[in-house]
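Just one chain follows, in the form predicted on its own, and it is written as structure tokens.
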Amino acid sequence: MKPLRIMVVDDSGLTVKKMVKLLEELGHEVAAVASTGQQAVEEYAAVAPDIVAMDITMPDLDGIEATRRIMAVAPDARIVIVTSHGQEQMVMDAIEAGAKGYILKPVKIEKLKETLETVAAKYLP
């Protein structure tokens, strides 16, 4: 699989650090980091990432609404929701909003690799 450019969106600095480390271990490039849904929406077009790893629970604009807004301007966006256990309904809402998949926290490198490969194979040209 070719290296992907990934935008990481999470309000937890610790989670961002871990995601960046895992993505780099997998050979991917972190194209941008956003700490709020609003920031992700504003930066998406300029960054044009292959995939967005989007947290659900964030201040100002949650991941579901941020996904809706990105999909409204970029219908081919590939967004993967990163969520904690017990948020199944939110995951379903995110999929309905246009997310292409999800990963549960704490993020395991094997699951991250598998999800990225699946989304890339299915949705990237």
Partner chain sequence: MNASMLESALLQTHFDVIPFGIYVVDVATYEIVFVNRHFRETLGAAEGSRCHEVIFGESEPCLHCRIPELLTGTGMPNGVTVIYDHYNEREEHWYQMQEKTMGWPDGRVVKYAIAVDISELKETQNRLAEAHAELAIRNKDLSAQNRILQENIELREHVERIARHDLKAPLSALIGLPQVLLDNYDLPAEAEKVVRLIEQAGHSMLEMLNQSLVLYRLETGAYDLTPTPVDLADMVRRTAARLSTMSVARSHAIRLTRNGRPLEPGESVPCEGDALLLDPMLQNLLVNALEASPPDGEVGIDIRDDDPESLTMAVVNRGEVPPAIRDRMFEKYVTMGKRGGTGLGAYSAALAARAHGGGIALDASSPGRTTVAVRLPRRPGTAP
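Source: prediction; values computed, not measured. Positions refer to the first chain, counted from 1.
In what follows, reference is made to the form predicted in complex with its partner chain, a form of this protein that is not presented.
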- Message: Since only the chain is shown here, I'm wondering whether K21 would be in contact with its partner chain in the model of the complex (any heavy atom pair within 4.5 Å).
- Response: no
- Query: Might R69 be said to contact its partner chain in the model of the complex, defining contact as any heavy atom within 4.5 Å?
  - Reply: no
- Does any heavy atom of M54 come within 4.5 Å of a heavy atom of its partner chain in the model of the complex? no
- Query: Is A40 one of the residues lying within 4.5 Å of its partner chain in the model of the complex, judged by heavy atom distances?
  - Reply: no
- Within 100-115, the residues that have a heavy atom no more than 4.5 Å from its partner chain in the model of the complex: K100, G101, Y102, I103, L104, K105, P106, K108, K111
